[in-house]
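One chain comes next, on its own, written out as structure tokens in the form predicted on its own.
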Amino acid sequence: MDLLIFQVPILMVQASLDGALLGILFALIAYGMALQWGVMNIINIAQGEMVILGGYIAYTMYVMGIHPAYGVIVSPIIMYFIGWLLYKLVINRVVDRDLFISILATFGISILTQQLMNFIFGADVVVAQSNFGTTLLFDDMVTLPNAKIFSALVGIIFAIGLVLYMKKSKLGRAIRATSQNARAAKILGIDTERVYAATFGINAALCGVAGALISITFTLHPYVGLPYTVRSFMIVIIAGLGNLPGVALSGMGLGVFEEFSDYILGTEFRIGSVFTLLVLILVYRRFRLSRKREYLE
């Protein structure tokens, strides 16, 4: 175990900044999951695959000679319609069913999406080169890729834009009303079917933005979506549904945790540490719920 990070304080600054920037991207993905989970009561196991698919859209633009940064505009538009289509074909049949049924349905979408991406784009690990350069801080001892800074800024802009849209637009208010009480919203004349389709589309669009940012910041592979699903799920269960500040803080906290795990345990244990943390959180939540149940009894 390498404890160099504790012996050289500047490495702690490097890990913290890298983790915070990375966490903003995680938070953007998690907010999409929290939105559709809160409105539709569906846990989307295909969340990570939708992110990677959005990344491949930006990568395709890069291959065609278009700068991949433009993917943050093109990818969410395409992914919105893909999400809308998935809702019409699959999700609308499981919205009012048991939560486990929705998990199975989205798990099937996840597997299908993986295979389609493998067939279309191949199994090689790829990255879209942004050529944004780097920013040096603290007498050149801390290095931040400008692609990460760009990703964090774009993530913040889209998150703020979505919050304003949810508060100001007619559809946004309908989504909020449906999330509070779908039956009452339907009685009041809100087209809940349209709301559900739009919500799943918005979630897919956010995945498209995040995927485009990942394509220029990290690497893409057809089977690398699961860690993003796990991260999103973890952030949502920590922050709660509809709690955007909590999602943002939890996302950045997870990003910092991953970076420190990378420095201390090694890169090969980075994803393993995330899964371990998820298990610990679920066990803790289970313990708290059992204690609360005993107290009420």
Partner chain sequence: MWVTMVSIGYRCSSGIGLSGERTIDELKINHDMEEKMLKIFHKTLVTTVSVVALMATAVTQARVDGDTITLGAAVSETGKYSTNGKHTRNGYNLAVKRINEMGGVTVGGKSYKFKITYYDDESNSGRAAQLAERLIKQDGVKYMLGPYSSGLTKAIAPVTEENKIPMVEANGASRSLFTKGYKYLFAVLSAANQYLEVAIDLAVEKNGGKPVKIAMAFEQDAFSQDVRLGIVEAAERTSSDIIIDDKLPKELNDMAATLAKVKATRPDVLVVSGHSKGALTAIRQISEMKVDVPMLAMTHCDASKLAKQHGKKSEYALCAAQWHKSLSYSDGFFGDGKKFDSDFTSEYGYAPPYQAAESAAALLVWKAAFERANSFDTEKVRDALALTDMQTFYGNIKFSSAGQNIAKPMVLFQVRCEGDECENRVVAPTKWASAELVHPIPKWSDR
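Residue numbers count along the first chain shown, from 1. Remember, it's a predicted structure, so these values are computed and weren't measured experimentally.
Beyond the structure shown, there is the form predicted together with the partner chain, which is absent from this document and is the topic of what follows.
- For residue 11, a non-hydrogen atom is located within 4.5 Å of the partner chain in the predicted bound form, even though that partner is not displayed.
- Residue contact with the partner chain in the predicted bound form: residue 158 places no heavy atom within 4.5 Å of it.
- At a distance threshold of 4.5 angstroms between non-hydrogen atoms, residue 79 is out of contact with the partner chain in the predicted bound form.
- Contact annotation for residue 215: at least one heavy atom lies within 4.5 Å of the partner chain in the predicted bound form.
- When the partner chain is considered in the predicted bound form, only one residue from 224, 149, 74, 190 comes within 4.5 Å through any heavy atom, namely 224.
- Stretch 112-120 is the answer when you ask which of 149-157, 112-120, 168-176, 193-201 has residues with heavy atoms within 4.5 Å of the partner chain in the predicted bound form.
- Taken together, 49, 98 and 254 are entirely out of contact with the partner chain in the predicted bound form: none brings a heavy atom within 4.5 Å.
- Within 4.5 angstroms of the partner chain in the predicted bound form, the stretch 14-36 places a non-hydrogen atom from each of 14, 18, 22, taken in sequence order.
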